[in-house]
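Taking the form predicted on its own, here's one chain by itself in structure tokens.
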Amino acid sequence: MTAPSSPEAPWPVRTVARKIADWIGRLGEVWVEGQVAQLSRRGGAATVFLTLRDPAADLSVPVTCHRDVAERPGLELTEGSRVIVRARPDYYVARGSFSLRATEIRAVGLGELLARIERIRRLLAAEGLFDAARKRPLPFAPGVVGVITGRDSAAERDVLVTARRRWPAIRFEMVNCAVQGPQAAQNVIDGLRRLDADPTVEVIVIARGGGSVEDLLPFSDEGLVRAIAATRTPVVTAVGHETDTTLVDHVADVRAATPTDAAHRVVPEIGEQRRLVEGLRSRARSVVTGRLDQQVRWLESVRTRPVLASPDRLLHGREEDVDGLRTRARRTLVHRVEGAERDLEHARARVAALSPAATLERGYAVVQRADGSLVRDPADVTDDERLRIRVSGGRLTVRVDREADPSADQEEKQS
């Protein structure tokens, strides 16, 4: 037993390496599933070297085995093959490296591949990556379309030729990469990230021709599916034939049956759009013409009405009404004035009849003292008192003399 390490008593590197080797050695044999990324057979050497890769984690580990294990009858070991390996973990102390020493290698059959893809599909579906709510609509007429496909492949020609025939102004941003083999999934992921980072790219097409389940296996890679789900740009997949279905078809915004179908879905057909525009233009022209004709008919009907056909006719009618009203007003005013004059004459006659001046005209007189008070009784005046007498013709000043006419006093007393 080695004493525990401490700052005062640290372990040497060889001790740590030896302990790691002991721990790994106690692990025993394990069964490992992966994809053959590299395979090296060196001449007549008894040892075969290969690299086993985990596509979902982008992790690989070196594997060594005896030539008899790698060349077992019925086993076709090639790069890109899916295999199950029984191996013992080994830690090489001198280099500080980890590897697996395989004692048995089995090829993963179609059933195992499909089962593994189904497990990944259920896992990703449970995370909601395939939900319809995540699907984004494609732009109507994108200016730039990103295309990920194999170089000079039939899928590339189908997408480019069909899209340019439908919409000649379309532009492409191409990413040519491996679409088959152990590096295909990572190549597609790198191209997808590059196109998604380009702000001019409005939609991305991932296209590949048909093939076997093993050939299309990179497009069911868990890492690629997650990369498509993380893009901000809508993605269209056109992988394999119409009957082929990979996991990228579930996560893509639109799944096209073939690369040609992808071009049909991404860009509109210019002739069809022209016919649509012409149809809309014709409908708009018809609607506007109909509306104008309707307004012209309404205007004609309005113009035939008397009020607009002969506007002065209404003025003539109103002129007669005004003349009639003016005559009535004049007649009424004259009648009122004449009546007022008669009333005024009557009032004047009554006032004249009741006024003191009319009484004076009949021979009566008004006698006043010097202070203006009226004399109503002869006894109220004294001899030699001066009085003022008002008669119809004017005023007189007199002096009272009782002795001059005694009979007058007697008459006054009698009266």
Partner chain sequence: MSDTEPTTTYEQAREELADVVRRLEAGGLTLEESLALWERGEELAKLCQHWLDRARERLAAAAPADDADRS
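Please read these numbers as outputs of a predicted model, since none were measured by experiment. Superpose the two forms; the largest set of C-alphas matching within 1.5 Å is the rigid core. Numbering follows the first chain given and starts at 1.
Quick note: we don't show the form predicted in complex with its partner chain, though the next part is all about it.
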In the predicted complex, the residue from His241, Arg305, Arg326, Arg283 with a non-hydrogen atom within 4.5 Å of its partner chain is Arg305
Position in contact with its partner chain when the complex is considered in the predicted complex, options Ala126, Leu299, Leu114, Ala94, heavy atoms within 4.5 Å | Leu299
Is there a heavy atom of Val334 lying 4.5 Å or less from a heavy atom of its partner chain in the predicted complex?
-> no
Verify the contact flag for Asp343: yes if a non-hydrogen atom of it lies within 4.5 Å of a non-hydrogen atom of its partner chain in the predicted complex, no if not.
-> no
Arg232 near its partner chain in the predicted complex, any heavy atom under 4.5 Å?
-> no
Distance check, Ala169 to its partner chain in the predicted complex, heavy atom within 4.5 Å | no
Pick from 195-203, 286-294, 248-256, 157-165: which stretch has non-hydrogen atoms within 4.5 Å of its partner chain in the predicted complex?
-> 286-294
Answer yes if the Cα of Gln294 shifts by 2 angstroms or more between the shown form and the other one on a rigid-core superposition, and no otherwise.
-> yes
